[in-house]
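Okay, here we've got a single chain as structure tokens, the form predicted alone, with questions on binding and movement later.
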Amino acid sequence: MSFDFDLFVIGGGSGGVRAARVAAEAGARVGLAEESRMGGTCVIRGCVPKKLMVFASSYPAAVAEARAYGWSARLGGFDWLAFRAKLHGELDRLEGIYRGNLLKAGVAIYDARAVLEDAHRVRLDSGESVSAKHILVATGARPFVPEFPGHELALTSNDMFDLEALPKRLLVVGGGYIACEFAGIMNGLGVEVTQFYRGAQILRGFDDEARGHVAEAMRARGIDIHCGTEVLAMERDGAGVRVACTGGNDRSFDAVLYATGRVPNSAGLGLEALGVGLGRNGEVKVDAYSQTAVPSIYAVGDVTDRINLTPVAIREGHAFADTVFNGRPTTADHELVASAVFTQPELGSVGLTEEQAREREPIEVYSAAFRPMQSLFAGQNEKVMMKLIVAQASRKVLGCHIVAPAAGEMIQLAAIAIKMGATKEDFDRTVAVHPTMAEELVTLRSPVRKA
């Protein structure tokens, strides 16, 4: 049977673009459809613009610290519209690079929504229909806002880069990394931030000690965190939003950001009708090679809801292309994937939390919290935290958790050692780099507890 393409990719985010490029470079005829902007969530409405906003929000604290170091530094007002224009210009530049790299590899680009007609055919909303030997679904995920009275008044993370003006008072609903990052960003930009989370502590899934450390630091910076609190209803209050919540403390805000999770973009693609299995939250079910129950259809990235991180989607897309088009059966490695939360200070994490590890085997916990040299000299009270989880039997480091400025940079390097199977004694044999915060990781001599 003759096909228009060897591979057709639905979705122009990180995973889909990587798969398309690798397959095309292997000689495959590749088509790709993207209904929005090339680059997907990470480049257009996620990691990249959010990190640039983190940078922008960090300067008030830096200037205050500069004064403590003897500089007669002063900070004027923040020009949100000027920053927003430059931000969008950078996103346009990056989108152009993504598009250009696809074209350079020989990928045919369709700026259209695509749905599956059958196991080998895709229909575009432009009216075209194309066939492909293999189809890859890489449609990512989208923010989720639960239904309740007034839910349509909520903003999502997608909206935060297009605001006409910064709100004076912002409510952030949610306790995950996106909620906490935006709470820190907006606080740093001078917005009065309140955060509601229904759970007992923010950043569920991360190490308990680390998440408590981050919460304490956020509160110290002026973020009003309320755990065990849910929104019941919202209504217009002039130009703002009045929020009714559990506990009866109704309040008004200029804007409400909902960051209560994301759901896979699998609806309306025609997957279930073809026999492609979907999970409870709409995630596409795949095997270790990212293949669905329909042999010609594969899926990678957040739409599969495995580990929802951009580098993981890229690895999955590359592994798929190597398997199908380069003759090298490859599975993406989902073990010991490091992550960073760009709160202020940052949280870096790799491996097991203390809570996970002690359920698995006897462990030792090495942990220290201290005021780092830079902020100590400036008279600030904020502490950093370094923590290692060690197996008593094998002495392997099972997990590392860092709360500190640049924790994301540090955890990337620690992850290499832990991925290689480093023991606590390997860390101990490593000579410290002094004076640094990270030297604490190789000078933790005695466990603070065993479990």
Ligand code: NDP
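Note that residue numbering begins at 1 and tracks the sequence as displayed. Just so you know, these numbers come straight off a predicted model, no measurement behind them.
As for the form predicted together with this ligand, it is not shown, yet the points below apply to it.
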> Does the trio G175, A179 and R204 actually contact this ligand in the predicted complex, every residue with a heavy atom within 4.5 Å?
Replying inline: yes
>> Please identify, from 167-175, 130-138, 356-364, 69-77, the stretch that has a heavy atom within 4.5 Å of this ligand in the predicted complex.
In response: 167-175
>> Considering non-hydrogen atoms and a 4.5 Å limit, which listed residue (I185, V107, M234, V341) is close to this ligand in the predicted complex?
In response: V341
> From the list R29, K419, K50, R37, which entry has a heavy atom within 4.5 Å of this ligand in the predicted complex?
Replying inline: K50
>> Quick check on G240: any heavy atom within 4.5 Å of this ligand in the predicted complex?
In response: no
> Counting only non-hydrogen atoms and a 4.5 angstroms cut-off, does R198 reach this ligand in the predicted complex?
Replying inline: yes
> Would P146 count as a contact of this ligand in the predicted complex, using a 4.5 angstroms cut-off between non-hydrogen atoms?
Replying inline: yes
>> So in the predicted complex, is this ligand close enough to P372 to count as touching (4.5 Å, heavy atoms)?
In response: no
> Heavy atom within 4.5 Å of this ligand in the predicted complex: which residues of 232-268 qualify?
Replying inline: A259, T260, G261, R262
